[in-house]
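Here you get one chain, nothing else, as structure tokens; it is the form predicted alone.
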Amino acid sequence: MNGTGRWQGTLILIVALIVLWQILYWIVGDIALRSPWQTLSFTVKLLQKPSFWPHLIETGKAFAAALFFAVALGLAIGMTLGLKRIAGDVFEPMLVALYSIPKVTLYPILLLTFGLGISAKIAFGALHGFIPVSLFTINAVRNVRPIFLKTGRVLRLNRFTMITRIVFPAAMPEIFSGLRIGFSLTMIGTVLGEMFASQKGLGYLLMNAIGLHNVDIIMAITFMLVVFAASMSGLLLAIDRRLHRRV
């Protein structure tokens, strides 16, 4: 599919979702939903309130830090286990098992470790994101063509140069797929972390709105999160496809 056809398909999907949203609003009513126009209008008003921005900035800071740690830790673990086959065979099943555990069950431990501040939210977000980055990196490193590695050994490259000049560029398309998934899961983890035992952030506002049955705030915050996630996911997916086409 060419670029024009892809954009047309995306536009049709967006219009279809808005139409479906409006139909659901007509069916359910104001008790549980707001119309697309009402949600957009209230979101604009919410963004104009000075009291809202500290919460948005708090979530942004927590998410950025969590994403940094998720990517850094995921790449470090993935590269190490991918290059060392025996260690990978031992620890990869452990990562898969940890990935299958509901992360909410681990949040009390993180609260005891990091306290009620931003550190716990960062840790909880990173916990969601680093495992897919690690798993994708492990498989990406293992799938690097042996001829590339043999060339590096012939040139007597040290471990750091081998990774930065040969392994990482060759594995980048598959690694980026893991980064794309890790991005989404890190954002989910950060917002979830703010919904429990937090006093600031979008997750905190969302939890308060649920308790007060404030449908306007629930719809506005959800709308902002969905728009941000969909926009970044679309951008990362486009980069991912371009990287895979170059292989």
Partner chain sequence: MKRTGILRILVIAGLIGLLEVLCRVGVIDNFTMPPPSRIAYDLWRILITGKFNAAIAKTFSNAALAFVLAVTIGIAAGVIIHAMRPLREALDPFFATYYAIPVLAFYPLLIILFGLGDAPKIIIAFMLGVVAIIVNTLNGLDRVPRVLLKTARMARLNPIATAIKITLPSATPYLLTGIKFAVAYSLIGIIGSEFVMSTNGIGFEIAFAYNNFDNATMYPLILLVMIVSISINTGLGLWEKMLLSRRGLR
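Residue numbers count along the first chain shown, from 1. From a predicted model like this one, the values you see are computed outputs, not experimental measurements.
This next part talks about the form predicted together with its partner chain, which is not shown.
The partner is absent here; in the predicted complex, the one residue of L46, L56, A65, I188 having a heavy atom within 4.5 Å of its partner chain is I188. Candidate site formed by T10, I31 and V90: every one of these residues places a non-hydrogen atom within 4.5 angstroms of its partner chain in the predicted complex.
A residue is said to contact a partner when one of its heavy atoms sits within 4.5 Å of a partner heavy atom; F136 fails this definition for its partner chain in the predicted complex, lying far away. Proximity of K61 to its partner chain in the predicted complex falls outside the 4.5 Å heavy atom cutoff. The closest heavy atom approach of K200 to its partner chain in the predicted complex falls outside 4.5 Å.
Using a 4.5 angstroms threshold between heavy atoms, A229 counts as touching its partner chain in the predicted complex. Contact annotation for 119-151: no residue has a non-hydrogen atom within 4.5 angstroms of its partner chain in the predicted complex.
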